[in-house]
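Quick setup: one chain, the form predicted on its own, written in C-alpha cells, and binding and motion questions come after.
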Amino acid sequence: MNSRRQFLNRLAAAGGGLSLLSFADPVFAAEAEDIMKKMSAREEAGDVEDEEFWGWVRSSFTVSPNIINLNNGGVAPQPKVVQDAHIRFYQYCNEAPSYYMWQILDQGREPLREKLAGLCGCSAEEVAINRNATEGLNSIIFGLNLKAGDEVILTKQDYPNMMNAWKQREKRDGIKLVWLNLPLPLENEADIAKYYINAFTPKTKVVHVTHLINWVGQITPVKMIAQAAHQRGIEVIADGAHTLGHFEFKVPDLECDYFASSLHKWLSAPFGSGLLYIKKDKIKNIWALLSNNEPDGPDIRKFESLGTRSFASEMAIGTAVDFHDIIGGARKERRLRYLKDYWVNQVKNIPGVSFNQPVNPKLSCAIANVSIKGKKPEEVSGELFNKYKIHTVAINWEDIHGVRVTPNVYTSTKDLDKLAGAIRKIAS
C-alpha cells in the first residue's frame, strides 16, 4: 500500500525536470543526471563524436543486434526507460481499470501538457495530446470554416493522408485545391517560399506546408511562407510530423496558426502518440473533430474527446521528453546531421550514386535519399536487407525515386560504415 501511495503521489506531482524518468527508473535517472553534467562541460564541436556518450545512448535502447534499422523516419523505437514506464502504467491500469485510468492516470494529463508545451515553447493552453500528426491535422482540416470556391494551397510532395483529407473537403464542400509540384531538392529558402507565395490569390484562405518533406528530408521555410501568407489574411497549417524532436525550433517561431506532430517518430515516445498545437486565438475557429459539449469553444481540450484511450501510452510520453532532454535538443540535432553526413560523404563520389536531399545544412538534417544508376529503389532496398540486413525504405513518389536512409541517435558509425560498404558493392 505504501508503494502504491508513493506511486500515485509521484504521478500527481510529475512535471518538470527529469521527474517522470526518475519515476520510471530511479537508478537510470541518477546515471542520466551524471551524464548530463559531464556533457554540459563539453565543447559543441566535440560532442557529436563522443562515442562514449553515444554508446551510452545506444545502450539505453533495446534495438536488434542483427538488423540495422535505418528507417527511423517511419517510426522510431523507444528507449528502455520509456518502455518500462509504459508497461508500469499499463500494469497499474489493469489492477482496477476504471479507477486507475480515469481517476489516477487522467490526473497526469495536465502536467504532461505543461511538459509538452515546454518542448514546443508555447502555452499549455495551445497544446492538445492525441495519437499522431494525421489525427491532429485532420482535426484542423475538417474543423476549418471553409466554403465552396475557397482556395487551399498544398503540394504533390505532401503526406498522402493529408492530401486525401483535403480531397475529401474538396469533394464534400467544393473548395478548390491548388497543387504545387516542388522540384526537390531545393537549396534556397527564398526559392522554396516563392513557389507558395506566387500561388496566392485573393481567394486563398489556407496554405498547407509540410515542415519536413518525408520523401527526401527537405526542410521548408515555414516562417517565411507564414509571414507572406498573413500579410494577405491567409491561414497557415504546418505538418510537423517529422520535425518535433528531430531538430531545434520552437513552434511559435514558425509563425504558423496550426501545427501537428507524431511523437513516436523523433521523440521516441510510445507508438500512437501525437501532439496538436493551435494558436490560442484560433482555437475557437476550429470545430472539434469528435463530439464535444462545446465543439466551437476556446478550450484546446475539446480536441481530446477520444473516449477510452491508452492512458499508459499517453503518460509514458513524459518519460520520452525527459530522455530527449538528457541528450539535449541541439546536441541531438548536431549528432543526427553528423551521422547523415558521415555515410553520405563516404559514397557521394562513387560513379552512379546520387542523392535527392538538399546539401544546405539548414534545409536537411538526418534524412537522406540515395539513388543508384540502373537500379530501381526497391531493388536497392531489397538488396540492402537481403544481403546485409540493413532496413531502409524505397521511395517512388512523383519525381522522387530513391532509397530513404534515416539513422537515429542510437545508430553507430559502425552501422553506417556497413551501409557505405554495401552501397559500394551494389553500385559496382
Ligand SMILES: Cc1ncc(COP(=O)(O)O)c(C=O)c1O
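Numbering starts at 1 and runs along the sequence shown. All of these numbers come straight from a predicted model, not from anything done at the bench.
This next part talks about the form predicted in complex with the named molecule, which is not shown.
Just one listed stretch, out of 223-231, 133-141, 318-326, 332-340, contacts the named molecule in the predicted complex at the 4.5 Å heavy atom level, and that stretch is 133-141. Taking the partner from elsewhere, residue 162 is found to have a heavy atom lying within 4.5 Å of the named molecule in the predicted complex. Although the partner is absent here, residue 241 is a contact residue: one of its heavy atoms lies within 4.5 angstroms of the named molecule in the predicted complex. Of the heavy atoms in residue 212, some are within 4.5 Å of the named molecule in the predicted complex. Taking the partner from elsewhere, residue 268 is found to have every heavy atom lying beyond 4.5 Å of the named molecule in the predicted complex. Between the named molecule and the residues 279, 113, 302, 264, the one pair within 4.5 Å by heavy atoms in the predicted complex involves 264.
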